[in-house]
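For reference, the chain that follows is the form predicted on its own, supplied as C-alpha cells.
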Amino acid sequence: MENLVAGVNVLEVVAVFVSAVSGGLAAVRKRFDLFGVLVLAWVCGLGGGILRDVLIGDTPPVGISSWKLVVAALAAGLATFVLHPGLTRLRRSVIVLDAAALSLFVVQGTSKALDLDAGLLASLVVGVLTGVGGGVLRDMLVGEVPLIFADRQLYAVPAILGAATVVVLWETGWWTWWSALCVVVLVLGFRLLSLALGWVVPHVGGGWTGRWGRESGKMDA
C-alpha cells in the first residue's frame, strides 16, 4: 500500500504545477506584481495539500516542507507571469489540465488520509478539501466569492464522487495502482463531461442543466 501511495505522490508535482498556473492567471487578471503572482500560484497549487496535512496531523505540511512541490508551484507562477498572453489563448487546454489536477489531488489526498488511518469519513472530507481547497483560498485572496459556491459548475461534486470511490475501494481491498488510475479518469471525465454538457448544481428557480457558454469556460481550482 505504501508503494501505491508513493506512486500517486509522483503525480502530485504535476498537479501542483497545473493548479498553480490557474492561481497565477488569476493574479495576472488582477494585475498583481511578480511577488503577488508567485504567492497566489503557491497558495493555489499547495493550499489544498496544506489543509490536508494540517487536518490529518502530518506536519509540517508538504506545502512548506517539500522543496520539489514548492519549486513546482513557484515555477508555474513565474512561467505564468512571463507567458500569460499565450496561456490565456490556451484557456481550454488549461481548463482540461485543471480538471486533471483536481482528479489527482482528490485521489492523492484521500489515499494519504486513509494510509494514515484518518477514518473513512474524515478521509473523504480531506480528499475533497485537497481537491478544491487551493481554488477556494485563491478566490478569497483576490476578493471574490469562491467559484465552487457562486458559479454552480459541477466541481465539488466530481471531487466528492472521486473521494467516496477511493474510500470504498480502499475499504473493500480493491485499492491498487490501476484502480487509482480509474478513479482519476472517472473524476476527470465527469468534470469535463459536465462542462461540455453545461451541467450545473441545482439552484433556486433552475434545474440541473444549463447552456454551454461563458460559465463553462471558468476555472475553479
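For every residue, the number given is its place in the sequence shown, counted from 1. All of these numbers come straight from a predicted model, not from anything done at the bench.
If you look for the form predicted in complex with another copy of the chain, you will not find it shown, but the lines that follow are about it.
Contact between Ser65 and another copy of the chain in the predicted complex is found at the 4.5 Å heavy atom cutoff.
In the predicted complex, none of the heavy atoms of Trp174 sits within 4.5 Å of a heavy atom of another copy of the chain.
Taking non-hydrogen atoms only, Ala73 never approaches another copy of the chain to within 4.5 angstroms in the predicted complex. Leu55 belongs to the set of residues with a heavy atom inside 4.5 Å of another copy of the chain in the predicted complex. Site residues Asp33, Phe81 and Pro146 are all in contact with another copy of the chain in the predicted complex, judged by any heavy atom within 4.5 Å.
Checking Leu195, Ile50, Leu161, Leu169 against another copy of the chain in the predicted complex, a heavy atom within 4.5 Å turns up for just one residue: Ile50.
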